[in-house]
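Coming up is one lone chain in structure tokens, specifically the form predicted on its own.
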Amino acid sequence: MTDETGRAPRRRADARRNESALLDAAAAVFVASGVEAPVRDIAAKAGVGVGTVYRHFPTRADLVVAVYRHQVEACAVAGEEALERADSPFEALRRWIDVFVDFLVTKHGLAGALQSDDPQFQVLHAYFLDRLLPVGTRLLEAGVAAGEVRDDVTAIELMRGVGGLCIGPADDRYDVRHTVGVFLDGMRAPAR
């Protein structure tokens, strides 16, 4: 549907908030129960009716894609906000990596669906890279310019390194955040 200018009408702020809450709830349910979790569980977590879920996302694939994109966008925004608000570029990088780890945990909850042959899922990896590599690059460049981060690490190496640390079966003996923290500490620039 378009308005008289040929553009899609802007959605109301409350509709955008409701959709965001629904996507956050779906992400949490997917992490806890997998992407095949009943829609009623997602609706209950979001505090909406099942019909609301289907009105926004007619198919499960639509919902999975929307959750993934929503999480990527939140991660991208978090990187920009961290650069603006953190006391140092290294602290901004650390804050962003915390959000990135949360995203990766959600992504692993979506992994089965994302590996399917559904054409909607095939463009998501490129979308992930297009949105998050520039954010990682800006954070690293700020850290290098401040003398806080080594200058021999690229954003793809950072993201793949953290991603590799987040993969694997659940194990109470493995604290991914601690391990990622050790990894980040290894990225600090040597003292001059």
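Computed from a predicted model, the values in this text were never measured in an experiment. Start at 1 and count along the sequence shown; that's the residue number.
Form predicted together with the DNA: not shown, discussed below.
- Checked against the DNA in the predicted bound form, the residues R150, R40, R160, H125 give one hit for a heavy atom within 4.5 Å, which is R40.
- A single residue from the set G34, G164, P134, G47 has any heavy atom within 4.5 angstroms of the DNA in the predicted bound form; that residue is G47.
- Considering the DNA in the predicted bound form, the lone stretch of 150 to 158, 53 to 61, 24 to 32, 135 to 143 in range is 53 to 61 [heavy atom distance within 4.5 Å].
- At least one heavy atom of A15 is located within 4.5 Å of the DNA in the predicted bound form.
- CA of A61 to CA of A76: closer by 3 Å or more in the predicted bound form than in the shown form.
- In the predicted bound form, the separation between the C-alpha atoms of T59 and L132 shrinks by 3 Å or more relative to the displayed form.
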